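For reference, the chain that follows is the form predicted on its own, supplied as structure tokens.
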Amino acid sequence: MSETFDFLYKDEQTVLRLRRLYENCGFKKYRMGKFESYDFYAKNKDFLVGNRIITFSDLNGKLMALKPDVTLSIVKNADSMPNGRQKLYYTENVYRESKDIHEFKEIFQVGLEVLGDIDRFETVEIVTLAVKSLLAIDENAVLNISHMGFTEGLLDCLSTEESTRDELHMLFSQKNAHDLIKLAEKLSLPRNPVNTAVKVLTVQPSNELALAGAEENALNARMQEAVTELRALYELLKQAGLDKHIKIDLSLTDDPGYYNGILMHGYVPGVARDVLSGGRYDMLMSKMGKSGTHAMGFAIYFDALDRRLHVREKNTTDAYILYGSDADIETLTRLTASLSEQGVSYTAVTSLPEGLSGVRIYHVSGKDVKEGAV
């Protein structure tokens, strides 16, 4: 007998669909503890969303932290790579500042990570799974894709000064072409790469035009290699029929001390912020003492989806049992047992809620049971 899950909230149903999606592709579930030494996160604060960490002292006086991130935990505790790679997914709570309300929250995340040898196939598979994960949430979802090599190559042409590059990174992340032009004038930055940067930040053409423009404006080998990889990835996604859910956005950037290669941000209608983010983070592996090991993955932030997904598809109560103080307890017990055996969901109440429709009503008075419907 097949079992349905209509009684679950939409977010619970979504998690089950995502777990099946990942396990069907050979990913194994990763489970983590809630605590970690504070020093571990303090050394990697730049990788975290937000700078604040919830801390406490354990019974031995050691400063501990409630885990604000899953990826760092996976990288730290990764086993030796069987067959050259490790493919993991997770459904975990993290504890950190919320982007929406600027308060500490327990945030539920679902995500996956691939550690080890990441070839062209693995890259395509991860990006494909990112798109399919978004589509499990909303059929009109879009995944924005960029490449750190393009941004970093462009910044190579603009400035080698660390402070200037940091400011340019901030302006890119804000898509702030206006202040970038002002900074370029102030520092007399070279005109050609400035013009390219302004185009990237202000022009949002189709994917084909974005890639063609990037190819035309690739000012060095680093930018050209990035565009070549993006082009190849996009063509494969197009062949798979996923191109209408892809947006090439070369303005995306992140901390170059951790990220390299493909970057991803996912969006669904009705949510103002990204609900998925990820990419290639070989640099984090190096910082964690795992040089030569590659890594790529993404996370879905369910706190951003609370209002969309924390609803049920339909009324999960098939029947209401209306009883008063005179109702016979044995009669009520027999009725509820009978409904349960029939697979009928019920709610026993002393007064009916407003707006009911399409449900059965059992009115129990003394030992009498009268059945009706609304």
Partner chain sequence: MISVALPKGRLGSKVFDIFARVGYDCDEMHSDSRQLVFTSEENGISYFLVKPSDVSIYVEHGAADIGIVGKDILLEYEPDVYELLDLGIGKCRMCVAGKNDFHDNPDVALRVATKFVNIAKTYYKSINREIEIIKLNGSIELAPILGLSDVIVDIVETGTTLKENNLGVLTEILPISARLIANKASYQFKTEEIHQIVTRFSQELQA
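Nothing here was measured: the structure is a model prediction, and the numbers come from that model. Residue numbers count along the first chain shown, from 1.
Not pictured, yet referred to below: the form predicted together with the partner chain.
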Listed residue that, although the partner chain is not shown, lies within 4.5 Å of it in the model of the complex (heavy atoms), from 290, 199, 178, 165: 178
Contact residue in the model of the complex, from 191, 102, 273, 120 (heavy atom within 4.5 Å of the partner chain): 273
Heavy atom distance at most 4.5 Å to the partner chain in the model of the complex, all of 86, 233 and 296: no
Against the partner chain in the model of the complex, would residue 282 count as a contact residue? Criterion: heavy atoms within 4.5 Å. no
Any non-hydrogen atom of residue 113 within 4.5 angstroms of the partner chain in the model of the complex: no
Interface membership of residue 259, the partner chain in the model of the complex, 4.5 Å heavy atom rule: no
Determine whether any heavy atom of residue 269 comes within 4.5 Å of a heavy atom of the partner chain in the model of the complex, and answer yes or no. yes
So which stretch, 68-76, 168-176, 155-163, 215-223, is the one near the partner chain in the model of the complex (non-hydrogen atoms, 4.5 Å)? 168-176
Contacts from 187-206 to the partner chain in the model of the complex (any heavy atom within 4.5 Å), listed N to C, are 203
